[in-house]
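One chain is shown next in structure tokens, namely the form predicted on its own.
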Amino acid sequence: MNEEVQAALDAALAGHTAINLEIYYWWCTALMIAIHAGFLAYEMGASRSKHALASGVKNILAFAFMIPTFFAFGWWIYLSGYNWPFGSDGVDFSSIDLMAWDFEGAAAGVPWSENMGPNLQDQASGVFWAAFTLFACTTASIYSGAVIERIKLSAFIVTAVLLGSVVWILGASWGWHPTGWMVVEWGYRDVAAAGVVHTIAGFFALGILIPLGPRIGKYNADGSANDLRGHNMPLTVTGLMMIIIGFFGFLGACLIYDPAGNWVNIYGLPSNLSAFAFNTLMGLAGGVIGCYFITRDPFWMMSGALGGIFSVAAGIDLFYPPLAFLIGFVGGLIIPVGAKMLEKLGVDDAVGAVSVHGFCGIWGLLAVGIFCAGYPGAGDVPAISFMGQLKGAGVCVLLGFVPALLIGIVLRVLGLLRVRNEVELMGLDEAEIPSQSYPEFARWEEATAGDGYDRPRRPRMDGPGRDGPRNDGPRRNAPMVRDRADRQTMDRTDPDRVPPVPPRKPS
């Protein structure tokens, strides 16, 4: 009887653990959606008003296209590509095997597998697939902000799917899969995806930006750059804060819920959420303060918060919290300096995505090699080393940059990458979006167009306020005037103008 009771208790505990796993990743995935709400607000605010809706639509469509394509082939790439293109014999560039995919082991990742749909016997595949799909969507959102205001919507969708459902997930299979060749051969350590998400996405953006070219008006004839500010800084800063909220779900999904009731990181080593909490907040604060030292701009300060998180992400479960603060602080210093360097090189990164994600991602990988060298890996995996991290960072840079540059050049040659100049000048919203960002403002602009004065006036109001008993219409609807000279130069024949002020009589 006791054995039967114990068996029943063990079965109930196992079921309870499986349900907890499902619940945990369900809410991590839900929280990650806040990242995309944040990116949408961030990019719309960072765009000029004539491009705002087009920037938002890019984010919506990237999210929508990523989900079915990641279901179709992205998840299979992760499960099968961990040894590609070298095979199981290790990194040997003299014997490349383009067929070195694990077709048998990845059978559970093909769309027609019984694991890829409702299955009462499988309580893990769906939630893990969902979390990885949201990682893929994040890479597309990272890239999206860099190319606002001039990329064709169709070109963006194609390149975003290439990044999210092919390029990044292949890098994740190499450097995030516990048997990926970067891990097994070099001891590559990237617990919260500083390299396989942020570095790859940041340098993918750079690869597209080069053939895409700068926005019209960004550079003067002498090569000096203009600051093409977005139309709504409060919306941008709010969006950045929402991204930070969402990244708590992102980082939480980088832990594995062990059926034994413990936490392990993506490489199977013991960890916990407390370590993530300490170092996420310390890196965030360091990034803000680092940017504050370089610039007082709230846009860069909030970008520094993100960069600080990414700077500590690779070793987030190992760093001593004050060290995490220092690493985030250095990341905050890197961001505005890196963005200014790219600007001088003629690269028009509208939101600093290459610097925030790409440069901070590299710094985060190297920081692990500098401060955590010698920390052992799981099983036969080599210990952390600076050279292993350096080589891993190089792979992430090339994996992001090279495919993007190639497809960007092809699309540019075919005339499919960038909108026409007249469309860019008119605004992508008017050309591509059957709606208006601020319809009330548009009506106001129409009502005040062509009045011949630099300062627009409010539209004429109907009703007694215009011609009724109060007889205060002209003055209520007149333009604001600052001094006597403004009044003296007004056209007296215009009924909407305040008459000139007569000269004062001498006292």
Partner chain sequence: MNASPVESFDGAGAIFTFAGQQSTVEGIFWAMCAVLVLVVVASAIHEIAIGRKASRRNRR
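Residue numbers count along the first chain shown, from 1. Keep in mind the model is a prediction, meaning the values are calculated, not measured.
In what follows, reference is made to the form predicted in complex with the partner chain, a form of this protein that is not presented.
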Quick one: from Met116, Met242, Ala431, Leu326, grab the residue that has a heavy atom within 4.5 Å of the partner chain in the model of the complex. Leu326
Interface check vs the partner chain in the model of the complex: of Ala373, Ile409, Leu416, Leu273, the one with a heavy atom inside 4.5 Å is Ala373
Report yes if any heavy atom of Tyr219 sits within 4.5 Å of a heavy atom of the partner chain in the model of the complex; otherwise report no. no
In the model of the complex, does Phe203 have a heavy atom within 4.5 Å of the partner chain? no
Using heavy atoms and a 4.5 Å limit, would one call Phe293 a contact residue for the partner chain in the model of the complex? yes
Exercise: Asp349 in contact with the partner chain in the model of the complex, heavy atom 4.5 Å: no
Are Met32, Pro211 and Leu251 jointly within 4.5 Å of the partner chain in the model of the complex, each by at least one heavy atom? no
Which one, 82-90, 389-397, 376-384, 102-110, holds residues whose non-hydrogen atoms are within 4.5 Å of the partner chain in the model of the complex? 376-384
Stretch 313-330 - residues with a heavy atom within 4.5 Å of the partner chain in the model of the complex: Asp317, Leu318, Phe319, Tyr320, Pro322, Leu323, Phe325, Leu326, Phe329
